[in-house]
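Quick setup: one chain, the form predicted alone, written in structure tokens, and binding and motion questions come after.
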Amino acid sequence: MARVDQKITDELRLWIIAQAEAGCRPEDVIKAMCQSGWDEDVAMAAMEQTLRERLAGVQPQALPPPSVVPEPALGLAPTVLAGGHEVKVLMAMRLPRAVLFGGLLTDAECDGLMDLARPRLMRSETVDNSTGGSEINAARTSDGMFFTRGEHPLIERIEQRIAELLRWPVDHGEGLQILRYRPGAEYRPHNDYFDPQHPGTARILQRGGQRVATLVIYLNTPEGGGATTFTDVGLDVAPRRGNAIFFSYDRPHGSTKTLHGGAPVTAGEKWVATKWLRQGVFV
């Protein structure tokens, strides 16, 4: 199990205040924190600091309201069916909410996506938060392209499978993005949701609302490197052909623990297909 972040965050302060207002004894709150992985000294310091600030009238910053997010119907089964295709459940986490799927795509489907994308690859861009447009950024050193939804029978079949697997409508998803990382290429840690504080976010949200989940599908197995890293929780997901890592974020806030990156490729190439899911219909 991943180690709990030991920073005293606004989210933790809000939780402590809620427990106090519910009549919980301080010793019981500290015990609950320790059982969740907190060091006792940190738990006691968080309790003391929060209650002292509360008495002084200092309010922690409230979290943004949560959104409904995609949630696969996992149950207890080691496999799930999506579009008649059997997909394995290799790992599931609660925070961040993440599920590693095995065999989401076949070898032929992986090859097909790479073949369709290869002639259209260009230097990848990132969102320009000041304008809502896109720009080349040194933090992202890959080549990429976007398919439009349903533009090819293979794309349409994969999108339908994803929609059934994640229980989220096809039209609530952006078009599949294909990325190729050569040796040394990486994508430094970032969040996929759009920061409400940035001036360009309002324009971006007009196209379908906030992003609420990400699915990264590995189209090949690189010779070295290229893991998907979740830096807040110390999780590294090795890229394996046909597998996919899904993670959701119910609010645009660091409490979701979805800060992630693509570690540098050390040998060979890494190919991935990314599907971002929105709150509403993406146009």
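Each residue number is its position in the shown sequence, starting from 1. All values derive from a computational prediction rather than experimental measurement.
Here the subject shifts to the form predicted together with a small molecule, a form of this protein not shown in this document.
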Checked 109, 192, 143, 164 for heavy atoms within 4.5 Å of the small molecule in the model of the complex; positive is 192
Picking from 19, 274, 9, 266, the single residue whose non-hydrogen atoms come within 4.5 angstroms of the small molecule in the model of the complex is 274
Report yes if any heavy atom of residue 177 sits within 4.5 Å of a heavy atom of the small molecule in the model of the complex; otherwise report no. yes
| said: When the contact criterion is heavy atoms within 4.5 Å, does residue 260 count as touching the small molecule in the model of the complex? | reply: yes
| query | Given that the partner is absent here, does residue 187 sit within 4.5 Å of the small molecule in the model of the complex, heavy atoms only? | reply | yes
Would you check, heavy atoms only and a 4.5 Å threshold, whether residue 181 touches the small molecule in the model of the complex? yes
Is the small molecule close enough to 13, 43 and 49 in the model of the complex that each of the three has a heavy atom within 4.5 Å of it?
no
